[in-house]
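In C-alpha cells, the next block holds one chain alone, the form predicted on its own.
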C-alpha cells in the first residue's frame, strides 16, 4: 500500500480469491473469502457476490467465523487490525487495533473472548520468524478498540495458515513447521515436539505442508511434500506416539480437512483431484477428478452439506457432499506471466488478457467477475512439464470491438518457429467472437508488435504487424466475395522494410492518416493511403522500445522510449525532436479519452509513475515507488461515469482509471479518497434481498414491482385499472399467517372478481356515453348563434377551475364511478376479523 495525499494505490478488481481458506456460513448459504483489501461474501447457490466488506487498508490475510455468534465474522489484515463484521448485512461492528502485521487468525469455542494470531516475532527483526499469540479482546462499547496485550503461545511457527489448527474443540493446538510437528495442550500448559528426518528410506521429502485435527478423536492428519498423509495418534505422550501412512498423491499435499462428524478426510494437491478417505477404513476412497487446476485449500461447511476447493487459477469450486460440483466462482485467472498486453474490449468494457492456457479471458472490472474465456488455440492443452505447446502471445482489438486479432506461437527445439495470425469477427447472434481468417506463417520470424488502425471514419479496417524478419506488413479486410456463402476475409495489402533493419514496434495515429514503425534507432512514418514513406525521425543512439501518438489536442506529437533510457517527443509538423528527458521507461501508454500519457519508470528495483501531457513540461502527477519490481503491463480503462474531481493532482483520473500488473501478478489501480468513500457508502447498503430467488411471489411483493407501478401509473391509459398488488390491503392479505385465513376456495372467487373489469358495466357506460353525445349534438345545433358570445366566458371559467384543481376527463370520471360501484366489503370484514 502506498499512501500519498489524495491518491492511493489499491487492489481493486481481479484480486486473488484463493490466498486464504474460504469460510462457509453455518447454514451453508454464504461463502466468505479474502480478496485483496476486502472480504467478499458469495451466495453458494447463485455464485453472485452479495457484499464487499471494505475497511482494511492492506491485504486481508484471514477470515474466521466468530464461535459465539454464527452471524458474525472476524477478518485480519497486514494493516495490524482485526475487524468484526455482521456479514449478512455487510456492516462493520468493531475494529481491534493489534499494532503488528497479522498473517492468520484462529479461534475456538473453548476460549471465549480470545483470538489467536500469527505475527512476526517481535524479538527478531528478520521477518522469517513468526509466533502464535493469544489476544484477549476487550469488552468495550467503542467501535475502535486497542487490543495490544499479546501473550505468546508458540514461537517459531509457520506463516502458512494451513500449518496451524485447533483440536478437540480447543483442548490442544497443533503446529507444523519444516520437519517438526508441535502439539500444545492448554490444560497441561505443555508442548510436545515430534520431529521427522529430512528424507525417508525411499527418498521422499518429509517436510510438513498442512495439518488437520479430527473433531472427536485424538488424531492429527499431516500432509507432506512427497504426497504422503500421516495420521498421528497417542501424541499426548512424548515417547509413545504412533502414526499410520496413507499415500495416493504423487506430489505435495497442499490441503487436508476432516468433515464435521469426522467420518471422512479430504485431501488435495497439484493433481487437481479431490480425494475423500474413509476414516478408519482408509482403503476406501472416493475421487472427484479434473477440477481444472491445482487444489490449494479445502473447506467444509459446519453442517457438512457442502465442500469447497480453492485452486491455483483463482477459482473456487463448491461441491455437494455427494461429491458432485454444484457451483464455480471464478476470479481473474492468474498465470505465471502475461504474454499479451492488457486490453479493454470496446464492446463489453471488460479487461482482456491471457487466461487459461491457449485462451483469452474477458474480465469485468466493474462487477469483479470473469465473463468468459475465448479459446484461441483450439487444441487440448496437455499438462506435462517440458512440452512445448501453442501460446497466445499478441492480441489487439479494433476501435469498435468488431474485430480481434491474435498471434499464437510454438517454438520447439529441433523444429522451426510455428506462427499463426488469427482474425476473429464479433457475431451478434452468438454474442461472441467467431474465427474469420487464419494466416499460417504470416512472418518468417517472431512477431514483435501488432496494432489496428483506430480511425472511426475509415472506409476499410487495417491491421499492421512487425516482425524480427525485418519486415512490417499491413493486412486489410477485403470486400465481400461474389458468392453468398463467403463473407469478408483478410489479405496482405503491403509489405515494408527499411535498410534491412529489424522493426520493433508500430503505432497508428488517432485519425489513421499515419503509421509509425520503429526500425532499431530510426522511426519511419508512412502514409497508409499510398504506402509512401513520408519521413524518418532519428534520435540519440539506442533502439526504440515503445511508440505512442498523442491524442486530441496533442495529436501532432509522437513519443518514443529508447534502450539508452531516453523518453523522446517529436513534433510531426516540423519533423524535429521537440524534447527529450533521461528516464528508464519500462512502459509508455496513452489515455484514449484525454491528452494524458503515463510512463512507468524502473529505478533501484522499484517502479515510479509519471502522468504528463506531451505539450506541457511539468508532469500532472508523479509517484515514487508505486510497487516493487518492474511494471510491463498496464491499461487505461474508460469510466462508466466521469468523476468530478477538482483537485489538480487527481484530474487525470476523471475520464479513465489506470490499472497495472505487478511482477507478482497483482492487479493494482489508483483511486481517490472521494471515490473510496462512495464505494464504502454503497457497500453498507442492505442488499441481502438480492440473494432471494426471483419467484412470482417475490415479484408480487418486491421493491422492483412497486417501482415499476409508480413509473407506469402516470402513463397508464384510463381505460385500464392498475392492479392493486402494491396496496396495503393486498399486502396484509398475503402476509397474514395461513392458519388464520378462511379457506382458499372462499377467498379466490371474490379476489379474482375484484381484479376483473365488468363487461356489463362497460356496455352500459358506452350506452350512456352515446346518449350524452347525441344530446350534446342537439344542444350545439340549437345554440349555434349563442356560441360566439358564450365561448370566451366558458374558457375563462375553465381556466380558473384548471388552475384550482385539474379537471377529470370523461373517461376518468367514468372510471371513478365504476370503482365506487365495486364491492370491497369482503376485504374490510376479513381485516377486521
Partner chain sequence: MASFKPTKIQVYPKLGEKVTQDTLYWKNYKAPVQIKEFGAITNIDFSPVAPHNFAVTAFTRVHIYGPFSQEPVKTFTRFKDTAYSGRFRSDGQLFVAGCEDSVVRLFDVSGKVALRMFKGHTKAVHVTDFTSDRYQILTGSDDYTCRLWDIPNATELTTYQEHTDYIRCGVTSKLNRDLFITGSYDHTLKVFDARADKSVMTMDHGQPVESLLLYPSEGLLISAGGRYVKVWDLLKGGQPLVSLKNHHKTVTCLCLSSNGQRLLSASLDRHVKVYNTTNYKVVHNFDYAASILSLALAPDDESIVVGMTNGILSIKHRKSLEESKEISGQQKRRPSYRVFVKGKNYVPKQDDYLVSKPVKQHLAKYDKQLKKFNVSKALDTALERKPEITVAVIKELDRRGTLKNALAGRDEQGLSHLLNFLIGNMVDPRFAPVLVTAADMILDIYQSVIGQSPVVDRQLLRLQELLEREIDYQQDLVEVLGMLDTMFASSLPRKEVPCQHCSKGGIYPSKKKVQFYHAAK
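Residue numbers count along the first chain shown, from 1. Treat the numbers as computed from the prediction; the structure is a model and nothing was measured.
As for the form predicted together with the partner chain, it is not shown, yet the points below apply to it.
Chemist: How about residue 444 - does it come within 4.5 Å of the partner chain in the model of the complex, if we only consider non-hydrogen atoms?
Modeler: It does: once the partner chain is placed as it appears in the model of the complex, residue 444 has a heavy atom within 4.5 Å of it.
Chemist: In the model of the complex, does residue 145 have a heavy atom within 4.5 Å of the partner chain?
Modeler: No, residue 145 is distant from the partner.
Chemist: Given that the partner is absent here, does residue 334 sit within 4.5 Å of the partner chain in the model of the complex, heavy atoms only?
Modeler: Outside the cut-off, so no.
Chemist: Determine whether any heavy atom of residue 422 comes within 4.5 Å of a heavy atom of the partner chain in the model of the complex, and answer yes or no.
Modeler: Contact check for residue 422: yes, within 4.5 Å of the partner chain in the model of the complex.
Chemist: Thinking of 58, 65 and 191 as the candidate spot, does the partner chain come within 4.5 Å of a heavy atom on all of them in the model of the complex?
Modeler: Heavy-atom distance to the partner chain in the model of the complex: none of the three under 4.5 Å.
Chemist: Of these, 236, 615, 378, 180, which has a heavy atom no more than 4.5 Å from the partner chain in the model of the complex?
Modeler: Of 236, 615, 378, 180, the residue with a heavy atom within 4.5 Å of the partner chain in the model of the complex is 378.
Chemist: Quick check on this chain: which one of 551, 228, 471, 214 has a heavy atom within 4.5 Å of the partner chain in the model of the complex?
Modeler: Of the listed residues, the single hit is 471.
Chemist: Can you check 181-189, 295-303, 636-644, 487-495 and let me know which stretch has heavy atoms within 4.5 Å of the partner chain in the model of the complex?
Modeler: Residues of 487-495 come within 4.5 Å of the partner.
Chemist: Can you tell me which bits of 522-536 touch the partner chain in the model of the complex, meaning any heavy atom within 4.5 Å?
Modeler: Residues within 4.5 Å: 526, 532, 533, 534, 535, 536.
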